[in-house]
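Look below for two forms of one protein chain, each set out as structure tokens: first structure 1, then structure 2.
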Structure 1
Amino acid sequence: MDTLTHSSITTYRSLERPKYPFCPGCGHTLTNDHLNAALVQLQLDPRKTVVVTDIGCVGMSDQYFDVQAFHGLHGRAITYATGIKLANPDLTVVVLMGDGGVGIGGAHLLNAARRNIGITVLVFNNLNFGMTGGQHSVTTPHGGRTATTRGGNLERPLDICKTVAAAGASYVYRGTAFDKDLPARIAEAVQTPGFSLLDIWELCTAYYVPNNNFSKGALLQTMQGLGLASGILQRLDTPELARAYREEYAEQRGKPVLPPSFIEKKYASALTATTRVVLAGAAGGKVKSTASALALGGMYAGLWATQRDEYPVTVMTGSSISEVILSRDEIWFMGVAKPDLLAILSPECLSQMTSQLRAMDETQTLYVVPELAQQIQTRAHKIVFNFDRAPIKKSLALTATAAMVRHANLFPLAAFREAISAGQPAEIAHENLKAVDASEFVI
């Protein structure tokens, strides 16, 4: 990004990733370039712009834009985008998904249009499942040959535009990745207050093109042959749900939805450099809640803090990993590829930490439980916890993190203690604080 000053943004494309990962001739490249042109036209604040993707070739797109991003499960992009928009209506939320995701997440598509959620959906419609080998999708034309319809598709394709228009979408457009005016249409859709969808037909040069002797001309002929109109197909002026909900709630209750909650600075931190902390332990081992207390303690000490968690769908089994960044400056990227402080607390998470351990050097610190100390090879400075005088097994993460706060001098331990007690019943807070006190003997 050139700068955060709106008037001088010339591209929203990541300069660190100048080349897309798509096949030669793939329509995704064109559509992403059109999206970038639309964003430049609109001069949106990248800090308040969110690109949401799911699985599929198009799901690789979000990392190529210098805006906020969310990547999730196949067919669920609209669901995530809905939650993001409802939580903060001031954000600009753009969904990038394929025709495969539309079919898998059809119920989400219908309900987002019906509710008129203020998100913009760009369907990268290449008429098949490109990432998994060219199987037919809900938009594969009748007669289309794919990996699963070798004799020609017998099903009728879904008219995505007519479907969302009937459900009440505010803005509906159909065109191709070759349309010169596509950036302008995307910009119009983004500026529309309610639900917007652009069905953008593309060429899948890896599968659909060779299987069907397809081309740009055939793309347009197919659209016309199916009786699918192109251009702007619907424009409605109806209330957008996220704002309508807040207005209705405020009128009924006399107060805003989710009023701002401020965290008061109560302590001082000696931290001078941005510090990336990773807590890695077993599921059910209080890793996530401990990381939350670490982040909140940092905020009590006047620091900016972010938290990102990774854990399995199963309960009480597998690994649990939390990343916390503490900084005196505002944090714009939450990823942690190279931790400054890494605490490995159980064997379950060891396989997940290979790349981080490899990236760490002598300037970083690894904290590790005794049973894993000999297994782990790293250039980082290694600190082995000693729990002989602190046998609080179920609160291992709390004790270890408190010891790390002390050892690394992240901020006063009193801030961590207060964060642990915040919102907790007295008896639980009491047990947790005992685990913190035991950290005195761990390092």
Structure 2
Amino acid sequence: MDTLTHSSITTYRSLERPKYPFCPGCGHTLTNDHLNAALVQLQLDPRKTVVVTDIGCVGMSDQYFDVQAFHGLHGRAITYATGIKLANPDLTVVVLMGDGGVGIGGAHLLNAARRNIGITVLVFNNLNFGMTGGQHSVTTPHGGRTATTRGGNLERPLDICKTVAAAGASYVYRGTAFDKDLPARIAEAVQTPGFSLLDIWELCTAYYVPNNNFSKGALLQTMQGLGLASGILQRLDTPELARAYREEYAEQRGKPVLPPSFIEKKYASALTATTRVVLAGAAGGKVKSTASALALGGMYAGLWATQRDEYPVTVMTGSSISEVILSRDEIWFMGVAKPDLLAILSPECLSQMTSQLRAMDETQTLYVVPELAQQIQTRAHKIVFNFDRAPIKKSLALTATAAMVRHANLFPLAAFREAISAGQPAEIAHENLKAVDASEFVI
């Protein structure tokens, strides 16, 4: 933490705006003064100190300090603070938010505590929305009268401290804006490396006080009545996220970023017309990886290639369909409404192939596994695979595609062999090559 040694700072309050904008008696005045006292105690460099405010009356606070001042959207202050801390862990980041902000931004509060990001959150908890006219908030006590709970609040208040403590906050404190030791507690929280939160109960003199005959005494009574403990409620020493991230990934620094992997032309292809190929099978049937090998094989043979894969979001079940286009020219349109070559490898994909099967004519070829050969009606030239001499069932897609590459003379089989071995461990490459060898008698 940066501290100034040369001269001591007597206030962090803005000299240009000495007077807060709050109603007389508003608790926000007290809490902001406590924050100022804590900053004076810590002697932080104002340039390295960020006050991020939420929306509401509390949201006006940052403008009354001469530090780095950041005022964000309702409920989202913690997200900006997290971004600031992640990007620059050397900064001291303090969030000022209301009980309204806790409600609308509850997910961020929970996750900041859970991540243990090194920010300090001061909840200016006045039990209602001040700025919008005294509506109830997530901390309005049961029975509390507000603009939106005229007959008394039916809902139960959130125990903010217990919630963030359960989520793993490093420092948790509950008190009131009247606490004499609040500056010391705020300073402690700010010095805690991980996530810290202070739930500071206050009076909203414009709304909650008149609506409920409320007072300082009633505030303390309510807290006790609800069985809410006060004081320091949790202290943990767990790694802070922004620093943990840097430690974890330090050894990655300088490694090559998205290095290119070029595919060299090594073979010649006799292909003349652009050829649109569809491999249609079942999830787990290696359809996608086989299609990749088909595209890469084409590229080894100097062709342009594209590949689109279709599969259900639940990837391990149902159909798996891949479209590969091979061409001597650059490919613009990537659709395959009418395949030149369609290989149907299992029944799971059938319902999705209806329109393509209907579109195909005599100039195109359907390759199909024997068990589906009868039921598929098509005008396309039909070729039925014969797997009698190709025993490797789990590599059926590879065997079938290799047979198709040979039959349609797309490119030399050596290019396909190279594509299925490239980047594979020797064992798998060996298996794959055996599956390709088996393709000789399949058509």
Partner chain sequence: MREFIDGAEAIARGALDAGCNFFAGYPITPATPIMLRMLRELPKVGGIGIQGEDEIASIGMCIGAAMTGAKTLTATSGPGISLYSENIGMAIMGEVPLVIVDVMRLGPATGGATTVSQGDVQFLRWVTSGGFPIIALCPSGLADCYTLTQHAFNLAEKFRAPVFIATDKEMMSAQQSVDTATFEKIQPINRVYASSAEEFVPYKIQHLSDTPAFAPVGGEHLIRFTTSMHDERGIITKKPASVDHKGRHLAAKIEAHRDELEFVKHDPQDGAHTLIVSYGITARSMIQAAHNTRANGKRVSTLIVQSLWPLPEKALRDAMRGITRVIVPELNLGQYRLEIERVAHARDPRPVVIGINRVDGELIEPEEIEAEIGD
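Take the two forms, find the largest set of C-alpha atoms that superpose within 1.5 Å, and that set is the rigid core. Residue indices: 1-based, along structure 1. These numbers were taken from a predicted model, which means no experiment stands behind them.
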{"query": "Chain form predicted in complex with the partner chain: structure number out of two", "finding": "2"}
{"query": "Core-superposed C-alpha of residue 15 shifting 2 Å or more between the two structures", "finding": "no"}
{"query": "Core-aligned C-alpha movement of residue 159 between the two structures reaching 2 Å", "finding": "no"}
{"query": "C-alpha of residue 135 moved at least 2 Å between the two structures on rigid core", "finding": "no"}
{"query": "Rigid core fit between the two structures: Cα deviation of residue 304 in angstrom", "finding": "49.1"}
